[in-house]
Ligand code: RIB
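Before any questions on how it binds or moves, here is one chain, the form predicted on its own, in structure tokens.
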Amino acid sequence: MTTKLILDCDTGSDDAVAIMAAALHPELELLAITTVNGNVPLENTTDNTLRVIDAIGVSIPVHAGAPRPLVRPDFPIPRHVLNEGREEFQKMRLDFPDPRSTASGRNAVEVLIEHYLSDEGPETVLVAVGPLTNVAAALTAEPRLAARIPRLVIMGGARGWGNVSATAEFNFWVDPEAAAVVFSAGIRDVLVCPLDATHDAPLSRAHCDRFDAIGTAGAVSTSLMVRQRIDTYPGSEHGTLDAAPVHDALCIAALVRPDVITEWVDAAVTVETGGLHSVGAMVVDDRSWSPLAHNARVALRADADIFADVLSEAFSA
């Protein structure tokens, strides 16, 4: 049986790999893609998504969503300030031909509500690999969705560290209020793939050689994007890196091969919405005596070779 999913993303290069894996793996059925403001502005995340699906020759509905965070007018630090000097790592426009496909014209939040209230909803996993604005807006507008979403897989957060600040990962930092809404909604099955797990399973130049040998559009495109991530990842200026995390695609691998996650904790997860140094920080409370109920499973370690196996299976199909 295949796993049905909707992918909510802010398409940069790691989202692009996730899209291709979800669209091409024989054990997955990607029903729709919803886009959100994040890595790049909404216009670009939507355009990049269309470029990716056209490049691999699939037809999947694409629905644009939130152009800004749920409550805040902008990021805690505006994007142009945050990304200054790092434009090559997070490109506004991915290196694919101009898209032929167009977005649906329907709002992503409306699509999520309609789908999860339909008969097909309780059979569809929701995978959210960008800021959680669309998901939070849907849950706020229609609280019944929390009981209708059978499983939510999130790329976001980190346990005790961050990549955009000392304490916060980018997706949660961009829209901490949205993340807080999602974790408090009561969805029964939540898997979080934070930086702890994604950095533990980086894709290497050797994995890229393997993708190149497969030779399909998805495989070659993934090789090019992963190599670009390796070459431009923070730290690459201190010497040639052999590998880099491809965060969002790990969520897709976990749907096909749960054993890609090699260590996790069940915990009460909350996200800080205030604090000069802690906004967007994910708090993972796995104490046995915690007064808070566990609301998520948090991945801590992952296997890079299993991750690469899943991608290879998708691109060879």
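Heads up: residue numbers just count along the shown sequence, starting at 1. Worth saying up front: this structure is predicted, and the values here are computed from it rather than measured.
FYI, the form predicted in complex with ligand RIB isn't displayed, but the following is about it.
Practice item. Counting non-hydrogen atoms within 4.5 angstroms of ligand RIB in the model of the complex, say which of S104, T216, N83, N163 makes the cut. Key: Going through each option in turn, the one that passes is N163.
Check your understanding: Just one of Q90, S223, T232, T167 has a heavy atom within 4.5 angstroms of ligand RIB in the model of the complex, so which one?
Key -> If I apply the 4.5 Å criterion carefully, the residue I get is Q90.
Review point. Only one of 167 to 175, 182 to 190, 116 to 124, 95 to 103 gets a heavy atom within 4.5 Å of ligand RIB in the model of the complex; which is it?
Key: Result for this chain: 167 to 175.
Practice item. Would you check, heavy atoms only and a 4.5 Å threshold, whether M155 touches ligand RIB in the model of the complex? Key: Close contact exists here: in the model of the complex, M155 approaches ligand RIB to within 4.5 Å, heavy atoms only.
Review point. L241: heavy atom within 4.5 Å of ligand RIB in the model of the complex?
Key: L241: no contact with ligand RIB in the model of the complex.
Practice item. Check whether T46 has any heavy atom within 4.5 Å of a heavy atom of ligand RIB in the model of the complex, and answer yes or no. Key: Flag for T46 set to no.
Review point. Can V129 be called a contact residue for ligand RIB in the model of the complex at 4.5 Å between heavy atoms?
Key: Yes, V129 lies within 4.5 Å of ligand RIB in the model of the complex.
Review point. So which bits of 4 to 28 sit within 4.5 Å of ligand RIB in the model of the complex, heavy atoms only?
Key: If the 4.5 Å heavy-atom criterion is applied to ligand RIB in the model of the complex, 4 to 28 yields D10, D14, D15.
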